[in-house]
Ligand code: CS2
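Below, in structure tokens: the form predicted alone, a single chain.
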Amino acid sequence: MPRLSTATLDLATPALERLRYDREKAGIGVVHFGPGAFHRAHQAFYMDEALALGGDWAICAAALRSTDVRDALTPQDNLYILAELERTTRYRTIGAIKQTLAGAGDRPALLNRLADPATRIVTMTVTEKGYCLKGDGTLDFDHPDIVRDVAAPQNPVSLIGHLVEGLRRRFAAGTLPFTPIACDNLVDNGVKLGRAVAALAARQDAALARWIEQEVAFPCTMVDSITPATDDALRQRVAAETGLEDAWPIQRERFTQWVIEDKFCNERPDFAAIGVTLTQDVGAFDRAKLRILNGPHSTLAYLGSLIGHETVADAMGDAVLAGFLRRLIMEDILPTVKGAAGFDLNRYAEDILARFGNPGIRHLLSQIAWDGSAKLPFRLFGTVTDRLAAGAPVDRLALPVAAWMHFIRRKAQDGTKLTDPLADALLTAAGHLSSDATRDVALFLAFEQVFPPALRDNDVFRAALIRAYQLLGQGSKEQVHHALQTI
């Protein structure tokens, strides 16, 4: 079977959508750090849409360490296939990435791209740890990569170091700065990125730091689209349907969302025309996603896992669990969320419920359940706090938290791996659990890294947790269903 490339694209079956623009004429105007699956399913998709409208918005994709993406895409002329998963799957060629750079050997070429006036936007999906921040959101000057960049700023190794060096070269040349756009799930991601870049710049040149603070825009963003990992089954399906072999195809749900603060310091594509939401209040979208999507996602993960469901779609096929989730969203979560102007929260909630039930997406509950001690405080506890402040019941909200406790208990009993930053401490505590719900809940509430004092010391929340924990019993399907119908 022929390998996907510019030369073989015409050999594809009609199932594969071709490019809608002349790729040879498209210039590179974007540098992206972290070209993993989400970027190629999301930002690169949007830039592909932008290229179809005209303009030089092709991407130079940069991986600071791994060469995997470069090695997979370079023989394919950086083309790849995006599978959009619904009841029927749509296959689309993405050509937005025209160059891939990776590792220290490509650093000079990457820095030249950042300094090039043609580069007007720099995006990034490097996960939270890629920003080298401390717990308070400021740059960690003790991080080994930042230590190296302070010592040798013109030969950077960190993301922040590359941004500073690229901006320094533009500052020295009198070139307009590019707009750095963080696309990772950090609250106020643009604000944190801007502070980190300015802080590192200040270590080498106060004038550069002032220029960055005054002239460079760091818009906040929110991104959303469920993107399961690429596996051999996807590769085989893509080859069978399109007639072309792709070393690294990408799959995601058809729904995708990109919200960007309307704040730029250089040219940009016609974002509104390609489906990007420009707003002055990204925070409203962030909060909506966190509470209406992420909170229920974790709810499905822990309750569904106890019952024995494997995927989100499986869990949504459980009428009792799906009914509970709808009540949780509509009656407990939505009253705590204030949407941005023109943002229909009820419609958004209905869309999320429909997305969860998408049979084309195989999103593992076990994966969503990872790192619960770090996720629950952001996904559920804000909602709990607001409901308590309003004098409203929190019984339904306590159930997924209690299910997380039983999830930990079961991991300890089975001796299976727990993926969590507090794994060792949680499993040790779980070894002391008993059939006494009051005592068991107290063991978990003692984790100050997870439960803030306002919840840990709240009698209403504690009582709701104890009741929920008791109702779940040993986590059998019958006990979980009874709990879901009782609360």
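We call the rigid core the largest set of C-alpha positions that still match within 1.5 Å between the two forms. Just so we're clear, the structure is a prediction, and the values are computed from it rather than from any experiment. Numbers follow the displayed sequence, beginning with 1.
The form predicted in complex with ligand CS2 is left out here; the points below concern that form.
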query	finding
Triple contact flag His297, His363 and Lys375 to ligand CS2 in the predicted bound form, non-hydrogen atom at 4.5 angstroms	yes
Answer option from Ala102, Val216, Leu133, Ile226, heavy atom within 4.5 Å of ligand CS2 in the predicted bound form	Ile226
Of Thr89, Gln367, Thr74, Asn112, the one that lies within 4.5 Å of ligand CS2 in the predicted bound form (heavy atoms)	Gln367
Answer range among 337 to 345, 149 to 157, 289 to 297, 385 to 393 for contact with ligand CS2, defined in the predicted bound form as heavy atoms within 4.5 Å	289 to 297
Close approach of Asn185 to ligand CS2 in the predicted bound form, 4.5 Å, heavy atom	yes
Contact flag, Lys411 vs ligand CS2 in the predicted bound form, heavy atom cut 4.5 Å	no
In the predicted bound form, Arg379 touching ligand CS2 (heavy atom, 4.5 Å)	yes
Is_shifted Tyr302 between this form and the one not shown (CA, 2 Å cut-off, rigid core)	yes
Core-aligned C-alpha movement of Thr89 between this form and the one not shown, 2 Å or more	no
